[in-house]
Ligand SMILES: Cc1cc2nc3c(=O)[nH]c(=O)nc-3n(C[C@H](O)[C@H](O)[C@H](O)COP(=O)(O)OP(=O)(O)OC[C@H]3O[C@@H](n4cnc5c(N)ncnc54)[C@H](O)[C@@H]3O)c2cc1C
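First, one chain by itself: the form predicted alone, in C-alpha cells.
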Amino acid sequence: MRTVKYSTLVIGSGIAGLYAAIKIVQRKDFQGKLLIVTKCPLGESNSRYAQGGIAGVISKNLKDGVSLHISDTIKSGAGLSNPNVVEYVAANSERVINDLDSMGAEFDKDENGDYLYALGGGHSVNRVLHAGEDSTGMVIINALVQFVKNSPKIDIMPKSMAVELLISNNGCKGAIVFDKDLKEYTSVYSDSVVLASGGIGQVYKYTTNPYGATGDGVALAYMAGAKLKDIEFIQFHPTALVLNKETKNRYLISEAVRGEGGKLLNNSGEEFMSKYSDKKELSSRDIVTRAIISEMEKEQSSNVYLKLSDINSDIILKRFPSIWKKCKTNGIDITKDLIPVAHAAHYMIGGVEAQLNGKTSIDDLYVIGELASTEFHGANRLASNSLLECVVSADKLAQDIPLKSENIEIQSDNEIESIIEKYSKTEIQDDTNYHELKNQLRELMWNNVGIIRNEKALTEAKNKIERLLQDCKNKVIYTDFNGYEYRNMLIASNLITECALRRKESRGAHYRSDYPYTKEEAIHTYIRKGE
C-alpha cells in the first residue's frame, strides 16, 4: 500500500473544506503541504447547489444588527442553539463575507456598490446576500476552487474516498483512501485531519442533495468512536421541483422565491399557508413543509404549486435566472405557469459533535460544515445560515488548528497497523447489487423516518436497518464506491432512526405524531459507538 504524509488532511471539497484549506495554507506558520481528498469533482457538494444566499449582518444594512440575527437564529433553533456560538457566527459574518467577495465570489450589489439583501423564511429583516442572483453556492465554490487550484501548497486527490480514519490512543493520525479508478488504497498520514464531507440527503428517496451526499463523514466519525449529537434533526426543504414521481434528485426552488412574493397553492388553486401560520410562506421550513404535507394528504396529491405570476416578470427573470432556465427546459414558464413542488430531504442539522473551530471528542480530528453539530442551528436551521456557518467555522478552524511539519515521524502503532492490514489484502470479488440496496434503504427512510414520525414506523425501520447492518457486518473491503456508500448510508440511517426513537417529543425539524408536544426542558441527544 502506498503511504503519503501531509501536514494537514482535508476530506471534502464543499465551501467549508475549500475555505478551510485556503485559510490554513495562508497562515504564516504553515509548513509543508495540505491534501484535499474529494470523492466527487473538486467543489461538487451540497454547497454548490445553494441558491438563496448567505445570511450576514452587514454594518451598512441599518435595518439589521447582530442582536437581531442572534434572536432570529435562536428562535428558529427551538431551544437547542448555543447563544455564544450564535453570537460569534453573527458577529463575524461581515468579515468573512467581505473576504469571500475579495476572493472573487462577488455578491450582487446595487448601483452604489452596496450589497443587495433578500428576505428568507424566519428572518425578521432582509439580510440574505446572494451572488449570480440565484446561484450563490456555485459562485462561491467556483471562486474557491480557482484559489485552491492555484495554490502550490495544496495537493488534490480526486475521485478518492476516505473509507476509514487511522485512530489510535494518540488520536486521529490520517485516513485510508480508496482511488475509484485505480482501485487502490493509500495510507494518508497527517497530524491534523479535517472532516468536511457534507450531509446525508441520499439516504432519502427524494432529496435536493447531489449523489455524493451519502453520509460518509457520519460513518467515518462514528466508526472512529467520535461523539455525535442531535442527528435526528433532518431538515426537509418545502419547495423542490416535482417533474415526476421517478425523479429522485429534486431541483431546489429557492426560499428566496417566496421571499419575493411567491405563493403556495393547493390542487384546488387555494392559497393555504394562512391556515398554518401568521407568517404564511415565510414561516420556518418545518412549518411550511408540514403544511404542504397536510394539503397533499387532504387531496391525495403528490405535490402542491408555487405561483409567481403576481410578481413582475422582469423581476422574476432578473432575480431567478437559473430557476427560470431549469423550469423552462421542462416546459414550465415560471412568469405565468404554476410550479409543481413538494418537500425533499435537504440538510442534516445535527451531526458530529464539534466546537465551532471543528475540535471533536477525538484528538486531532476536526469536523466543520454540514457534518458538524456546533449548536448553531439548534433543532431547526434558519434559511441561509448554513453557508455562513461553513465559512465562519472554517475560518475559526484555520485560526486555531495547531500546525506541524509534514515531516512527521510515522511511529509503529499496533492499532493503526491493524487497520492498514485489512486493506492490504487481495481484492475480493463482490457481485452485490448495491444500487438496488440503496434504493430500498431510501424508500424505507422516506416512508418511516421522514417528516412525520411515530414509534411504530421508527421501530420497523430500526429493525430492518439493523438486519441489513448484520448482513454486511463481516464485509470490510468493497470493490468500488457503491459498497462503501451503502455501508455509510446504513450507519447514518441507523443513527438517525435510533435518535429519532429516543426523542419522544416534537421539536424543530423533528416531529412525532405520537408525541406532538414540545417538552419544557430542551436537551441534546448524544450517541457514540457502543453507547
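Note that the structure is a prediction, hence the values are computed from the model and not measured. All residue numbers refer to positions in the sequence shown, first residue = 1.
There is also a form predicted together with this ligand; it is not shown, and the following applies to it.
When you look in the predicted bound form, the only residue of Gln202, Ser160, Ser190, Asn380 with a non-hydrogen atom within 4.5 Å of this ligand is Ser160. With the partner removed from view, the residue among Gly262, Pro340, Gly212, Gly121 that has a non-hydrogen atom within 4.5 Å of this ligand in the predicted bound form turns out to be Gly212. Heavy atoms within 4.5 Å of this ligand in the predicted bound form map, among the stretches 74-82, 454-462, 345-353, 92-100, onto 345-353 alone. Interface membership of Glu498, defined by any non-hydrogen atom within 4.5 Å of this ligand in the predicted bound form, is ruled out.
Contact check for Gly56: no non-hydrogen atom falls within 4.5 Å of this ligand in the predicted bound form. Contact check for Cys40: a non-hydrogen atom falls within 4.5 Å of this ligand in the predicted bound form.
The closest heavy atom approach of Thr374 to this ligand in the predicted bound form falls outside 4.5 Å.
Three-residue candidate spot Thr8, Leu165 and Gly174; no residue lies within 4.5 angstroms of this ligand in the predicted bound form by any non-hydrogen atom. Residues of 170-191 placing a heavy atom within 4.5 Å of this ligand in the predicted bound form: none.
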